[in-house]
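Next up: a single chain in structure tokens, the form predicted alone.
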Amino acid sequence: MKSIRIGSGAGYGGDRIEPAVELIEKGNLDYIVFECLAERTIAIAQQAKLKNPNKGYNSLLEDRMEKILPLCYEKDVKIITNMGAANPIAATKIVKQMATEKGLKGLKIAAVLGDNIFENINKYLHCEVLETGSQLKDLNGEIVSANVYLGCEGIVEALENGSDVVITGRVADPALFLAPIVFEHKWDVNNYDLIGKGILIGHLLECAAQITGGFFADPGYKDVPDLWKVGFPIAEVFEDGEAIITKVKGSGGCITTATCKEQLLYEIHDPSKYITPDGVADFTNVTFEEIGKDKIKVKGGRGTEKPKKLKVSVGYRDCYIGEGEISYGGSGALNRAKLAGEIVKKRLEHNKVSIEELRIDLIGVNSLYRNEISRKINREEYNPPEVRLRVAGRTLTKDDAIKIGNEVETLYTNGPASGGGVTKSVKEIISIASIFIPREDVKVEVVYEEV
């Protein structure tokens, strides 16, 4: 039975490049996929594009392509990635220029367009926001981006037209992996049981090292070997939709039924109804079988008809976060850090700094679980030898955000005793609202560059 081998080259925008290079060199791949977009990432990329129309793609695009483009050319490995972010066209031109300079003749590069609906966003201001239940027009903040989650169709079209590198903007993560499976195995995109299996495989691969032990590791409980050189996963996918998940021999990490089960459930609200643009997958009949060291056979997965509406991530200017940190150590460190937090809070109130939300965290004491749960974990007599205070506030203006870090900095000389290592920062926050629009409103287009 025919099979193809797909490697996961990245699980997020800033991921390492070495495991991807290892996959291309030693993994006997047909395809390598770089999944590099999160919900806010594309909104931030849209901001970069507004400042410079030649930017807006993933900031590591050039660095990654410098290392992998000649290797993929040499070994005939096709590249699929959403590193185009807010500007797939600019990304394809960059890759074309790099390929030309390296003499990689005959390379065809495709940009998949259609996800960016920002110019038409006023048409959807009446739509209900998933997170709040209110209408989009009621958001407090300027809308800066609007990107639809596309399915695999544009990537499949690019592959059918002989593309060696396919660069997209916002597509559903599993679609990046589903596309080469549909193309190579000539699957009918309306055969939803097959599509459900493909979505499953894409979901297992999309976060790279999470399935090879990265996010799984918990020393003394779930030990993972050589995590410092963790390898990225490969799926050998057969025509019937079954697959073997593995990695390069000698790479770090591990692939077990347990790592696969954890990844299967990652970011899944309902395992029986995992909604993607390509279909609604049902993972409730999935099984994992160990057939060798770091080799897991995946069976199951099915699906139902694709949704009639597509999800849109709308990025908007929400607020600023101002923060400051300072450390206290030695005897009484916890009490000095608590006093310092109280001082900053009272100073901000005294100076009438307008703050929408304020957090005062004692890092290592209560910053994750707040006081009630943290006390039970730490026990009442907990007296750490060092504590780092973090004060962070959400504000509507940059000036108010700046004042938060400044008040933390003044603790240096205004007490309590022995504070050190102050840091402060201000960030503008682009938040995300989700709406749904009719599928027929979205027009996918593929454009090409050739070397």
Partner chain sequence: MKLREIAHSRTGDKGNIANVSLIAYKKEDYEVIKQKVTAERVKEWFKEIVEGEVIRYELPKIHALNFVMYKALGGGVTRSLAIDKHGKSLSSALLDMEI
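Residue numbers count along the first chain shown, from 1. Keep in mind it's a predicted model, so treat the numbers as computed, not measured.
What follows is about the form predicted together with the partner chain, which we do not show.
Participant: May I ask whether 268, 285 and 358 all come within 4.5 angstroms of the partner chain in the predicted complex, judged by heavy atoms?
Facilitator: Yes.
Participant: Tell me which stretch of 207-215, 244-252, 105-113, 192-200 has a heavy atom within 4.5 angstroms of the partner chain in the predicted complex.
Facilitator: Of the options given, it is 207-215.
Participant: Looking at 163, 263, 92, 313, which is the one with a non-hydrogen atom within 4.5 Å of the partner chain in the predicted complex?
Facilitator: Checked against the cut-off, the match is 263.
Participant: So which of 318, 236, 290, 184 reaches within 4.5 angstroms of the partner chain in the predicted complex, heavy atom to heavy atom?
Facilitator: Of the listed residues, the single hit is 318.
Participant: My question is simply whether residue 24 lines the interface with the partner chain in the predicted complex - judged by any non-hydrogen atom within 4.5 Å.
Facilitator: Looking in the predicted complex, residue contacts with the partner chain do not include residue 24, since no heavy atom lies within 4.5 Å.
Participant: Taking the partner chain as it sits in the predicted complex, is residue 309 near enough to touch it, meaning that at least one heavy atom pair lies within 4.5 angstroms?
Facilitator: Residue 309 lies outside the contact set for the partner chain.
Participant: Is residue 222 close enough to the partner chain in the predicted complex to count, meaning some heavy atom within 4.5 Å?
Facilitator: Yes, residue 222 lies within 4.5 Å of the partner chain in the predicted complex.
Participant: Spell out, yes or no, whether the shortest heavy atom distance between residue 135 and the partner chain in the predicted complex is within 4.5 Å.
Facilitator: No, residue 135 is distant from the partner.
Participant: Who in 13-43 is close to the partner chain in the predicted complex, meaning a heavy atom within 4.5 Å?
Facilitator: Sequence-ordered list: 39, 40.
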